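First comes one chain, alone, set out as structure tokens in the form predicted alone.
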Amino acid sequence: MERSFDIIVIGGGHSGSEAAHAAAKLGHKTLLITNNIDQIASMPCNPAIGGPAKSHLVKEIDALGGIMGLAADATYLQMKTLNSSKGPAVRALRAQSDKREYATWVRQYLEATENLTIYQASAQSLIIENNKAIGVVTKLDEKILAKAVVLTAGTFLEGRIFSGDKFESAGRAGEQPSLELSPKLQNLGLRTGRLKTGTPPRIDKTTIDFSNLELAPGDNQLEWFSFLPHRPVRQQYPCHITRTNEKTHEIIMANLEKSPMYSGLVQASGPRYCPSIEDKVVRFDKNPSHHFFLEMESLSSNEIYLQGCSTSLPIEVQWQIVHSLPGLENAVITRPAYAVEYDYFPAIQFKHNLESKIISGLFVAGQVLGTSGYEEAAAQGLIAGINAAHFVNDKEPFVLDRSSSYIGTLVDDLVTKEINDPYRMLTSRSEYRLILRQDNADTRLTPIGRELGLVNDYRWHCFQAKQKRIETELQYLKSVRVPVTKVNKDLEKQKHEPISYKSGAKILLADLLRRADFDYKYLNLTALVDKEDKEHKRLAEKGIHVDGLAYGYELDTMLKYDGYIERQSLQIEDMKKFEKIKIPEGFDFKACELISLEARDKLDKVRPQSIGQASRVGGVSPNDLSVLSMIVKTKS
């Protein structure tokens, strides 16, 4: 039996779910192949969505019409804004999720998506014809044809999991790996490497003594990942904090050689910004303690996730570590921690649309492309799904540049820089982070999602209504003045310095918000505005009457940082000049003898598509770039 689809997506994790959804929403007959339908969008590691920089990705996925933000809003156990005391560029939303509800929600959403078929099978190989991916062969020798294939295999390619010196072939604990697909892709010319990641033990909640543990509650004032209205307001559940101590560190150091990373059994690179507990103790030996968060995994489970305690030490050592922690002296481990090592494809082998440079119609996304994290995977899956649809329609590739989004930054980093450990998105990775804030993701990207065809009429109507309200509020703030005497009373209550003024002086509301010691939370418009003020009455006659700011935080940021935002916008314009200088396909970098040998090698390996991208390749100096630019301009 032979079946055919427009697009086949291999893998049902967060990346595969977004890719399949996007391809199907764009009108293509799509097949999602997954080893286990019950594990679609599962959370094998931390039961959470968002966090620093990652929340930016989730909000951008939502703005483009993806599903992760909706799923997180529908299934949270706790919502918390991180870095709230810091600047707007680094504020981040994090949802502690009910992992079982989350996976169920995504599966049901995908099952209700038109044009999408879900099929439980294991992909054994790709069908390649004239260097083009035209289908998949399953382990049952089924041949399923397609016009494009998206591979989102996660940690399953040649996957092995480790606890001490014990290891087995697996993509995740209890799940079979893919042992045939990776070698066959290598034979087709794709280069692979090895990476590793890990997960902490899970603890039986009923065996933990919470009485003396520090409480970590959610926020009273809820924020959301999706800007769509009518989000469910759910009961919030607190997390708790415990800490390692001298005894914990002694146990780890006494058993360090039993860790597969330290014994040499595993040599693959792990995530730099999410180290194992043994790595923390070794690398930060002056730190007397490390904190762990005890996070509920699901309302339908007693399991607690011990965040921060990722390890691959033997199970008997894991018991000792757990019992050394305050509150966990009598705790019972329900699932041991482990490390997983797997094949990945260095992303410099792929274009900005995530299509292979050597196999036409093959798109790769997610952890198998060298990243870590559900959010990074989902963002890539969305881009791969959109571009697979564009490939089938013979349309231009869809590429987000660095100045437009964190998604664009993520993809550009992957395909331009040689990544040697699992890539994690950080706000510091974006040079335009003041413009690419989480609060304006919909403003930046929803019009693009609408143009693509992923933003439906309802979402577009909600977006337009929001933009109109922001425009109205901004016009009001820039037009209406309030008495300084009233303002000073508010400032006095907040224990801030008063504004010096002349008798009867007034101040524009916009100028008030520009002050560092005054923000929208203190802006009581009902009390401050004089209803007889001429400008207030004039605007009211036009239907512009603002009793409170629906989008105060966004407006506060726009006004306070408008000078910096303008400066960053000029930098973006300068950068785009270099992005517009395209390097011809097939350009011979090695023949550019005026460029250093190291730069030639790096450029030939990455094969940048523009001078702008070439400027971000490691090992390329400003002089090399100047020479390359001159050569390209001469030949174009």
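The first residue of the shown sequence is 1; numbering continues from there. On a predicted model such as this, the values are computed, not experimentally measured, just so you know.
Separately, the form predicted in complex with a small molecule exists; it is not shown, and the next lines address it.
Name the residue from 163, 446, 226, 372 that puts a heavy atom within 4.5 Å of the small molecule in the model of the complex.
That would be 372.
Just one of 33, 67, 606, 599 has a heavy atom within 4.5 angstroms of the small molecule in the model of the complex, so which one?
By the 4.5 Å heavy-atom cutoff, the listed residue in contact is 33.
In the model of the complex, does residue 440 come within 4.5 Å of the small molecule, counting heavy atoms only?
It does not: once the small molecule is placed as it appears in the model of the complex, residue 440 has no heavy atom within 4.5 Å of it.
Hey, in the model of the complex, does residue 312 get a heavy atom within 4.5 angstroms of the small molecule?
No, residue 312 is distant from the partner.
Would you please decide whether residue 122 lies within 4.5 angstroms of the small molecule in the model of the complex, comparing each non-hydrogen atom pair?
Contact with the small molecule, yes.
Decide whether residue 242 counts as a contact residue for the small molecule in the model of the complex under a heavy atom distance cut-off of 4.5 Å.
Result no; residue 242 lies far from the small molecule in the model of the complex.
For the chain shown here without its partner, which stretch in 79 to 87, 141 to 149, 283 to 291, 197 to 205 has non-hydrogen atoms within 4.5 angstroms of the small molecule in the model of the complex?
Result for this chain: 197 to 205.
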